[in-house]
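This document starts with one chain, in the form predicted alone, laid out as structure tokens.
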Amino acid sequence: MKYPFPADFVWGAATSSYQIEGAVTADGRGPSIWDTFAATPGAVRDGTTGAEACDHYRRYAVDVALMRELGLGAYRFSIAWPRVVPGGTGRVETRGLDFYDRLVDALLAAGVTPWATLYHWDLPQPLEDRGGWPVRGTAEAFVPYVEAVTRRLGDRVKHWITHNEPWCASTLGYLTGEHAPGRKEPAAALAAAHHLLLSHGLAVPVIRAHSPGAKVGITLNLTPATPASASEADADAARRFDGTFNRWFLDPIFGRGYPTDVVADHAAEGVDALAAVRPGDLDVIAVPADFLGVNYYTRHVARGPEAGNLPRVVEEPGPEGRTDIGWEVHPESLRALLVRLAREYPATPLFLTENGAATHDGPGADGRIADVRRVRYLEGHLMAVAEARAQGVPVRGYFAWSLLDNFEWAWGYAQRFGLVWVDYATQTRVPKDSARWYAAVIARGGVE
């Protein structure tokens, strides 16, 4: 085999609560910021919401059977805070916890290891009404929620992720307004990023107290920045992007504090990037973790101000070089990213907790879904992971995004990332060619 993986490599797929569960008012679940945002005219491109999504809340047994059929060793899912603590603080809804109890037991019975993410963007709306993530109280409220979940599930769930992509939750939610709650406030976005990281640090010891022997980490979406040319302007644009997108989250988690160059960039724009930081916060954030989750989809080609730039040397990808969501396909950047992480943040096990492609392939006349481009995407990126491992990078697992077609945030149902096709009208599930290809990779332990 050309690209083998070790026998203990973790093969999985991932989803998130708001994107698949539906049942947004069932069994005492309270509203989340995504319920509110999606109901706002114009917020979601196709005008849809996650009110039904994939109806996973009622059909989880069908989905677990699909995981078993594909031979998945692990399943990464997220827990909906408003399903467990509808008001954000206070009363715990046992019916919400009962659902995750049933899901975890079904996974274990199917031989699939549960990996639980505690926050994947669906903040209870009452907490946003009190200020949301820019307010320190939200970080503090995260702790009793985590305690309620880990007390119930910590005896069986032994892999925990505190947060998924805090860059998205803070930047897209509070700076650009593209995601819930749809605010456009630069200072609030920086405060939100800090409080998300702070809540991670506060939660880790709570998880360990209630889930003895568990492995605990955080997942970051990391995007390498490539200068479009050799000009100083493009090099500085790449530095800025890397600083705000990657290092702003990596450095404090690994005990380095916030990057001074990015702090200076903000100061030059009249923004105090550290206004929300209190004494001791950075020590809390830097609590040792057991692994780093890496979500990777594409790279960023950085172009600075046109004045003084050299001719562009990075070519634009052709039609086959982008997925249907418009993201460039560039597996070499994944290999380079993993090598960089191992070099700059050494001795930390890495897991690819999301990687996948949006393509619009649907059933043909014979019912088959020949998603050739998704297969090529997954194959190229798994080869990149294998090459990074051959260079000594401690990548221990891979989770394809996503198990199911689902509600793709601001895109609604217009983008399909799933290994399994979902007919949203009937909730029929049909494994795509990519699902069968991935099952074969898992069965033989590598890419041929």
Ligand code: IFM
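Since the structure is predicted, the reported quantities are computational estimates derived from the model, not experimental observations. When you see a residue number, it is the position in the sequence shown, counting from 1.
One more form of this protein, predicted in complex with the ligand, exists but is not displayed; see below.
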Looking at heavy atoms inside 4.5 Å, which stretch does the ligand contact in the predicted complex, given the options 381-389, 400-408, 28-36, 47-55?
400-408
Heavy atom within 4.5 Å of the ligand in the predicted complex - the one residue of 83, 374, 195, 120 that qualifies:
120
Among the candidate residues 165, 242, 251, 93, which is the single one with a non-hydrogen atom no more than 4.5 Å from the ligand in the predicted complex?
165
The ligand contact in the predicted complex: residue 345, any heavy atom under 4.5 Å:
no
Verify the contact flag for residue 99: yes if a non-hydrogen atom of it lies within 4.5 Å of a non-hydrogen atom of the ligand in the predicted complex, no if not.
no
Please run the contact check for residue 354 against the ligand in the predicted complex: heavy atoms, 4.5 angstroms, yes or no?
yes
Do residue 297 and the ligand share at least one heavy atom pair within 4.5 Å in the predicted complex?
yes
Interface residues of 1-19 toward the ligand, as seen in the predicted complex [heavy atoms, 4.5 Å]:
19
